[in-house]
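Heads up, the chain below is alone and in the form predicted alone; it's given as structure tokens.
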């Protein structure tokens, strides 16, 4: 019976791998996942003048983070509507795959939910003639913990309990640690099925940073793009994990809030030590990201986030997706389009798309620096 159940779960996970394959965006691409936290579709078209096409032309290829996929869907749709004859293709895969593609010179920019490591920066110098890859923070947002437990509509968890769930220490939903955090809630004895990303993922790394900073001995692993803990089942991309959580009773997994909103998946409220548990939302993530500091130097704007904040209404399981570009040595045929497209994403209109769709805009002071770097790209 146990073997049969495991095979069923594996088959379900394999289905998610197919469903969440690479998406190439075109002018007629689907924006089914572009939903706000209340499930409404928001696809604000930019006002005339918000998109400056300048000398953009031809096709621009980009790839990487699936975390920003829903935001990029809208950005590409708005940008291509304004810039006739320009095509932007973003392959939503993973941060790790995006960095590999960037350092192989096959894309104009890459999306990554973690800043470039020193060895990746060094490798980028082979592609960025006379320069190097730099991190431009463009998309912020909460990493939601989505759950599917029959009869449970609201769930509070803290860092140590989350760590013990994903570390395979807490195995049933009626565990005493979960009960203690949810007085008055009838929790079933359903076995916990926890899902994680099967490929290298910046979302995984950011969740790991939070757990390492806050969960103490319950999370003994260093933050990394590769899932470090035993047990659980892997699925490809944020879409794949969300699909599994939606389908499996007793499931919990992590993904960006827009995926939860699009599929109607309930999300965990986080007990941070503040007066009340904090919901995952664009607003609560923005409060946490507002405290970010620039840790990079020069044109590199990598950020340092405070995962331990106990500020009221601040949701600390957040990520920032960077657009990774060459500061110098960009290909002449794609540079104008890279600058034009990123100028739009960093504009007031582009950042407004984020807050309308379950993401968090980059703090204004940091975003002003991003705009200056984009202007200087060569």
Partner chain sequence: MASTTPTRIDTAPPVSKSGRSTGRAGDKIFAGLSKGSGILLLVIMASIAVFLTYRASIALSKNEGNFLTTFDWNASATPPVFGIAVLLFGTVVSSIIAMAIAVPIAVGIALFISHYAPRKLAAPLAYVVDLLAAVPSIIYGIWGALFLVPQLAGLNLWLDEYLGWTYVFDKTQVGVARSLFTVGILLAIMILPIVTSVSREVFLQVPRMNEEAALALGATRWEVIRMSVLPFGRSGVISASMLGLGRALGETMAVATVLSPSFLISGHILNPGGGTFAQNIAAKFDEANEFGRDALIASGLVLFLLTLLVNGAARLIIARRKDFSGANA
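Since the structure is predicted, the reported quantities are computational estimates derived from the model, not experimental observations. Numbering follows the first chain given and starts at 1.
From this point on, the text means the form predicted in complex with the partner chain, which you will not see here.
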Would you kindly say which of 206, 93, 124, 272 lies with a heavy atom within 4.5 Å of the partner chain in the model of the complex?
93
Within 4.5 Å of the partner chain in the model of the complex, heavy atoms considered, which of 266, 212, 304, 226?
226
Interface segment, criterion being heavy atoms within 4.5 Å of the partner chain in the model of the complex, picked from 290-298, 239-247, 274-282, 176-184:
239-247
Residue 151 within 4.5 Å of the partner chain in the model of the complex, heavy atoms
no
Just checking whether residue 104 would be counted as a contact of the partner chain in the model of the complex - the rule being heavy atoms within 4.5 angstroms.
yes
Does the partner chain get within 4.5 angstroms of any non-hydrogen atom of residue 115 in the model of the complex?
no
With the cut-off set at 4.5 Å between non-hydrogen atoms, does residue 198 touch the partner chain in the model of the complex?
yes
Which residues within 204-235 place at least one heavy atom within 4.5 Å of the partner chain in the model of the complex?
225, 226, 231, 232, 233, 234, 235
